[in-house]
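Next up is one chain by itself, shown in structure tokens, the form predicted alone.
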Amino acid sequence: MGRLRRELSLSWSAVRGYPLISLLFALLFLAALVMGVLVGGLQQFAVVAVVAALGSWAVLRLRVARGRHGASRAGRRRAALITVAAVGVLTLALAQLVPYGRAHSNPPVTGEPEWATPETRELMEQACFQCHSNLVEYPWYSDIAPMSWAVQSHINGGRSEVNYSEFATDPGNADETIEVLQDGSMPPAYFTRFGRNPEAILSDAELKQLIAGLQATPGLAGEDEGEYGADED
């Protein structure tokens, strides 16, 4: 308990000694989490944010523990800002050393569905192939962590649900394709935020055409009732 009280006391002293920097910590941490939610990479952004925040806080707490208060207030703030910036840059630099998400693998295509029309495949390629195929075109930011981690995680998750490039050997949840398109859950909202992947946003006419084509594609009909082209008795 004595050690815990000492740590809490030092942390509180760091807050009092560097109030603006402490506020900056909180704001940057929240900003990283919000960005993670918006781009669909919450876990990946949270890891980097936590490491950077804890690293910066540890350095500042150490400064307080050693009683480095001889400099002027402006000097201490400048040193604290440099500390935060340095730890942040170092954290991002170390994140780039993590190999996950850099392979940009596209396994062989083993067999797609027998698409009803060429247009059906083209629309599926626009809306779904970036996460549900072996024909992924990796964006430039997929080389930069933690975005590279988020992109690879989405692709791995998408392929595990349904991979249209391996439909012949493993159709997965392909029979739910029409349902998720109709209810708007695919493509997910974060996939097109900030102007990313604009081709995946289909017009009502394109969506109706796509669903009609999927209803005529073996293995993809699934739940075919809905607003767009459902057969009615």
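So that there is no doubt, residue numbering starts at 1 and follows the sequence shown. Since the structure is predicted, the reported quantities are computational estimates derived from the model, not experimental observations.
Form predicted together with heme C (HEC): not shown, discussed below.
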| query | finding |
| --- | --- |
| In the model of the complex, segment of 104 to 112, 84 to 92, 141 to 149, 122 to 130 with a heavy atom within 4.5 Å of heme C (HEC) | 122 to 130 |
| Exercise: residue 32 in contact with heme C (HEC) in the model of the complex, heavy atom 4.5 Å | no |
| Distance check, residue 162 to heme C (HEC) in the model of the complex, heavy atom within 4.5 Å | yes |
| Heavy atom of residue 177 within 4.5 Å of heme C (HEC) in the model of the complex | yes |
| Contact of residue 55 with heme C (HEC) in the model of the complex (heavy atom, 4.5 Å) | no |
